[in-house]
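In the structure tokens that follow, the same protein chain appears in two forms, which are kept apart as structure 1 and structure 2.
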Structure 1
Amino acid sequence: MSSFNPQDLMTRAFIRLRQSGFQLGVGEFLAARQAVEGGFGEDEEALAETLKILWCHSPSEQSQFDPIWESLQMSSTPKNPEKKPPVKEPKLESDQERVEEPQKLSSPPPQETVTEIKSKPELASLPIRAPFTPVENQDTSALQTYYPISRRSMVYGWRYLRQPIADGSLDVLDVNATIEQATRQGFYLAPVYRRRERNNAHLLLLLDQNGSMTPFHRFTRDLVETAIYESSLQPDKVSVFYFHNVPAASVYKDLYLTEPIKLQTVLETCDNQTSILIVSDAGAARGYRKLERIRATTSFLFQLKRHSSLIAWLNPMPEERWIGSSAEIIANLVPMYQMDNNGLSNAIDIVRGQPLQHLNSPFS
């Protein structure tokens, strides 16, 4: 009795070919089974030709089919017809079931079946994930912020804005005057007192707000707070008004530019001893040179100079950014300094009417 079982051999060939990379599915398997049942696998040679026609779709697959088929023939063993598996048993839902099915159909030595399971490529190791390698931190020195002046430097600078007047209470002992009086009289009669001095300086701050000055709001806010609360100036002697780009007929009492007040009204509170400090980029932030802005600023400065000659301008942009912009022209009309330690010292020297101690501005 012949041991050739076409269904068993076809099933084993199907599994081996899938393990070798053949793109075979349920449709190919059912087509092969139908061909075998139709009598196209009478012997091993006829079955091989039938399967090669049905399952091999390229010359490369045909060349791979022959050695696989020969290996199946060599490993085939006599089968027990009584253990022939039912036709419905082959299931292709999982690879594990496909591998175990030939073991039930035939009676090969268990060692051979185990060898075939170990050769499954599906049981190979999973793809290896590349190890995580953190990217080194890049040098961020170029991203450092522009910090023109510190709050501490502002407090220190305001100390020099003084106009002392001895109009306080008469309670300061004058040692020199007391000695002189005793020497002149020939005897000590009573101490000599003098009046306490008070800083009578009046500061008018005109601050450019919004637009290109938005990045410098923090510094203008510090400038106002230090002048009012951390300087030797009397709080009621510090007047702060805001404008946008160029002071026009009106300025504003609040930094949101919602409470206008006429510029003439503000200037009427000034006299020739009033210190006027303007803070604006004068067009240097965007690098524009606009004739309209220069004309309006010139008219505004002439109006200021009718009330006080103690005028200075602080520009938060570096001096090299002034060149080619409106600031370059305006800097020739009024002492303008960049907002740093030396610039603030120079501006305060100007508005208190003292000779400059720090001449670093190329436009001064």
Structure 2
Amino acid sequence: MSSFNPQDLMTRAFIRLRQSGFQLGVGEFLAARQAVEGGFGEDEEALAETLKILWCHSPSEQSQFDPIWESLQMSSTPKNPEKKPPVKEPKLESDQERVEEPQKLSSPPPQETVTEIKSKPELASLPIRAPFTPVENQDTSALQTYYPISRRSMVYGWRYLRQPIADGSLDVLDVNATIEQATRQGFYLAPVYRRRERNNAHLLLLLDQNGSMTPFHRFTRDLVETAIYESSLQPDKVSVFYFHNVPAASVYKDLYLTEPIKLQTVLETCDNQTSILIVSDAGAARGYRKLERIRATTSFLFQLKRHSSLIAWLNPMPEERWIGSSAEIIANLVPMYQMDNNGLSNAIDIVRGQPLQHLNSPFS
């Protein structure tokens, strides 16, 4: 195609992909430019392939790329030399053109409506008709799942939960102390060893299970797995217990809520250094504001605070959904955070005993 301009098409693809939530920076843009200059984009197909390799970093991103690319091509088709730019064309002509387009691109007739929808954003400055609304449904971001926190960031978050004390095996060579000793004695006798450091932090995880929490089981499971196996915590220093809605006189050892254990027994294992993290939507998922729930939670929290002051609450529901539900009230009793990257890191700051001052809620 004589009008094919890879740099221009690439630039528009870059902007469009960024709008669709692709994490691309100037570096990627320059790399693509370099690739095009190096002959990796001699026609549209080759350019698409190049950009896909460069800019899409998972099969799902690659599949998102195709429709975006197609829509770009559609909108660039009217820029053929014999046609004027679409912006200046009256409605009638652009209608004709739309009929022609599918033939030109030899796409099957059922896609005709799709073509129209996709090409619309580029033709948007036409003053004749308001943009066809279904265009928003085509936005891939709407189809993405609610994914507040990745496993990786959980592992990162747990790293901050540590209380290193030197009580491991006596096998760390202290070079400075060795040199100092040798200088004092005037001769070298033996190296000085220190104890290996161990993470002494104790974590108590209390997880709401079933009911409105069912959609978040995936995240709570990840949270437990990362805390036990991928954090720097000692596996025996992580205790996980489950409850449903509100922790009552007993909580459960297993996630099917079949092995009850007295809450008092659990709390007896805690001291004032124990970090307690509660994961529950606190009624925000369904938007209820039940007095019994608030009352039960309050009494549970007061019981908890007698044992440890390092308590935080992670809420998998976004913060704007707390308002009007019991979560709003509970959030005043205990530092409550939305379960995303920031929330988890704030909650971990609280339970490690180093809260940021301005984030403290009045009761904690």
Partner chain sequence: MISTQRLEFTGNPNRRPENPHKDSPTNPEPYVVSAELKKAVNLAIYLRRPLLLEGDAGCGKTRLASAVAYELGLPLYRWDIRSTTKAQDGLYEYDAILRLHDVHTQKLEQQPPAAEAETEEEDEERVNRNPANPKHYRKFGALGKAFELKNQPAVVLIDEIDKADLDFPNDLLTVLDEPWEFKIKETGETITATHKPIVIITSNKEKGNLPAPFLRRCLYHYLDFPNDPKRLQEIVEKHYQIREEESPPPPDLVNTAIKRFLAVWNEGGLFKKPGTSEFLDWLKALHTFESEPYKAAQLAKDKLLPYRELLFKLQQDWKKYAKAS
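Everything numeric here is computed off the predicted structure, so don't read it as measured data. Each form is matched to the other, and the largest set of C-alpha atoms that superpose within 1.5 Å is called the rigid core. Numbers given to residues start at 1 and step along the sequence of structure 1.
**Q** I want to make sure I have the labels right. Is the form predicted in complex with its partner chain structure 1, or is it structure 2?
**A** Comparing the pair, one sees that structure 2 is the form predicted in complex with its partner chain and the remaining one is not.
**Q** For Pro316, is the C-alpha shift between the two structures 2 Å or more after core superposition?
**A** Comparing forms between the two structures, the Pro316 CA shifts below 2 Å.
**Q** State yes or no: after fitting on the rigid core, is the Cα displacement of Thr50 between the two structures at least 2 Å?
**A** Where the cores coincide, Thr50 still shows a C-alpha shift between the two structures that is 2 Å or more.
**Q** Is the shift of Asn346 between the two structures large enough to count as movement, that is, does its C-alpha move by 2 Å or more after the core is superposed?
**A** Asn346: C-alpha displaced by less than 2 Å between the two structures.
**Q** So if we fit the rigid core, how much does the CA of Gln62 shift between the two structures, in Å?
**A** That residue's C-alpha is offset by 71.0 Å.
**Q** Rigid core superposed, Leu173 Cα shift between the two structures in Å?
**A** For Leu173, the alpha-carbon shift amounts to 2.5 Å.
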